[in-house]
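Take a look at this single chain, the form predicted alone, given in structure tokens.
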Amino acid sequence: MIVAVGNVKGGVGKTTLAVNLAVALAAQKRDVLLIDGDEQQTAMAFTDLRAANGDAGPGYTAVSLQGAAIRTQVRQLTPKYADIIIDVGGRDTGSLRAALTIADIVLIPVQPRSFDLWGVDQTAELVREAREINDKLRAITVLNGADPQGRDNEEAAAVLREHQSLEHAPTWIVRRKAFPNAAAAGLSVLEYDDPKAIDEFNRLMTFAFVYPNDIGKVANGNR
């Protein structure tokens, strides 16, 4: 499975989702490659921290690739890995376009804010263009950094459901301290003691993938 995590809007939590996906899939004893396609190299920084803090290493392989190299290298590397996660930066870049042409799934994290919602239209157009080459591409919007309560989440979800070319994940990732706190320690949220965050992420994984049904069972310290 090749999964891109991208949106033309920055600051929506793409890297957080990408690294958590990589750790979660690796916990299923799958060979996982994480590609950092963002110039800021945040996914690589997280991987370095995870490797330094754990005795067994990060649990997955990570490389940095940009632009068209994502397409060419992924085609060569696909037979070697069960899953490839591609984290691409928050702009309309060659890296994002290349990832969309080879991905099975693109997860599009969106925060419940007007500017973020407006950016989905542009991302949806890139998905439409990519499907002219990659007709198997499944595009899923994910309400990420959702408010703990209030009407903004449901109003934002209603807007996202209007995009007929995009699926909308039925579970929301709420803005919780568990995500930055876990990342600061080089951990996935699934390795952090926050049952609500674990449940939300597990629900997203169950919706997006058919095989990781036990992903929420990853416990703190099982590295």
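All residue numbers are counted from 1 along the displayed sequence. What you are looking at is a predicted structure, and each value in this text was computed from that prediction instead of being measured.
Missing here is the form predicted together with a small molecule; even so, the following discussion is about that form.
Between 176-184, 24-32, 157-165, 64-72, the stretch whose residues reach within 4.5 angstroms of the small molecule in the predicted bound form through a non-hydrogen atom is 176-184. Of the heavy atoms in N144, some are within 4.5 Å of the small molecule in the predicted bound form. Heavy atoms of A208 never reach within 4.5 Å of the small molecule in the predicted bound form, leaving it off the interface.
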